[in-house]
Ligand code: AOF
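The chain below stands alone and is given in structure tokens; this is the form predicted on its own.
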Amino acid sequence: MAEALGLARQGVALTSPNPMVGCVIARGDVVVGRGFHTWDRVKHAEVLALEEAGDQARGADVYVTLEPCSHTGRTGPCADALIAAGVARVFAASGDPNPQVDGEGFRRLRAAGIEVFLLEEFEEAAAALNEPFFHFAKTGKPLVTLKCAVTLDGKISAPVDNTGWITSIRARAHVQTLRHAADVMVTGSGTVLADNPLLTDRSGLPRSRKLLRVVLDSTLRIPLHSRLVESVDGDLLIATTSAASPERRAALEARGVEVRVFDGPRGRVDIRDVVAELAARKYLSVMIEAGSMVNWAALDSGVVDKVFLYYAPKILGGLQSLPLAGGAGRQRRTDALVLERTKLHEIPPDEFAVEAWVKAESRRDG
């Protein structure tokens, strides 16, 4: 199973909107088939492993990281393929929460006389591997993570000069691993005006679908010659409001930018509607990399599921340096957003990152 999980991890950024799955087929101590899923190869991990195993699959043991599917999508059911191959036993690391499966794969295998075992000691690793897929299957929404680099006193920018970086090159390299695994990057027009970012996946690793870049821009302030607009390749969505200039919208669309209206309270883009649109397009994971105001708007709206905060051993101080989350904030300590399931990631020699889930009960509108 450890080998199957390792195979599955080779599918990072290559399977969305499908899950990452690895499969190993063995006869005793001898591995006769291996496979892992990628979107462009179409075939699922079990089928690829069965093809490699050939006739040796009959009577063999199958180790798979996710419950074999029981429905027909782009391929036929993997459960049926395992039954047809005559395997003896199936060991799985996790069930599949997809409503189209959700135990039916296991039931179908058992009905055919195949022994099925759920290896609970691998269940946590399997769930972490497909965190966005599991979240989407259970909620119908993409997993939204707010990422930010902050000083130890919680500041993200200085009031006068913001040249240079808050975190080190090691921390920024770690960020690229998160960005590579994400389907969508979201930022605000303020960040575009201040930093002129590209928001691209700079890992150099292959992807199954382009990283979609989304800018929240209520009045279409984004410069036509910004790096985002100039690099557009069917991968840039500007979320705006009906108050934006039609001429400005036409100029952006003429350059290949998709512009959509998401009217929200106080003349701002409704980020909840943006996330709903991304869900409709079956994007499983969204990362927000924005400024203080957008960070708070996202947190306060209830769309943020997780935070990933990179801390540098620095202190800016002062009242004018912008905090992680600005805006109105919560006015009472008892109303604070609460984080749970916190994990610390060390980034030697002196930095660290905090990964945590936003507790559902502390959201207002989530």
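A quick note: this is a predicted structure, and the numbers were derived from the prediction, not measured. We number the residues from 1 along the sequence you see.
If you look for the form predicted together with this ligand, you will not find it shown, but the lines that follow are about it.
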**Report entry** Position in contact with this ligand when the complex is considered in the predicted bound form, options H71, R89, R207, R272, heavy atoms within 4.5 Å
**Finding:** H71
Report summary line: The one residue among N162, T75, T241, T177 placing a heavy atom within 4.5 Å of this ligand in the predicted bound form is T75
Report task. Sort through 36-44, 326-334, 295-303, 309-317 and report the only stretch with a non-hydrogen atom within 4.5 Å of this ligand in the predicted bound form. Result -> 36-44
Query raised in the report: Does N130 reach this ligand in the predicted bound form, with heavy atoms at most 4.5 Å apart?
Result: no
Query raised in the report: Can any non-hydrogen atom of E289 be found within 4.5 angstroms of this ligand in the predicted bound form?
Result: no
Requested in this report: Flag L66 as yes or no: does it have a non-hydrogen atom within 4.5 angstroms of any non-hydrogen atom of this ligand in the predicted bound form?
Outcome: yes
**Report entry** Contact label in the predicted bound form: V229 to this ligand, heavy atom within 4.5 Å
**Finding:** no
Query raised in the report: Within 94-109, which residues come within 4.5 Å of this ligand in the predicted bound form, counting heavy atoms only?
Result: D96, N98, V101
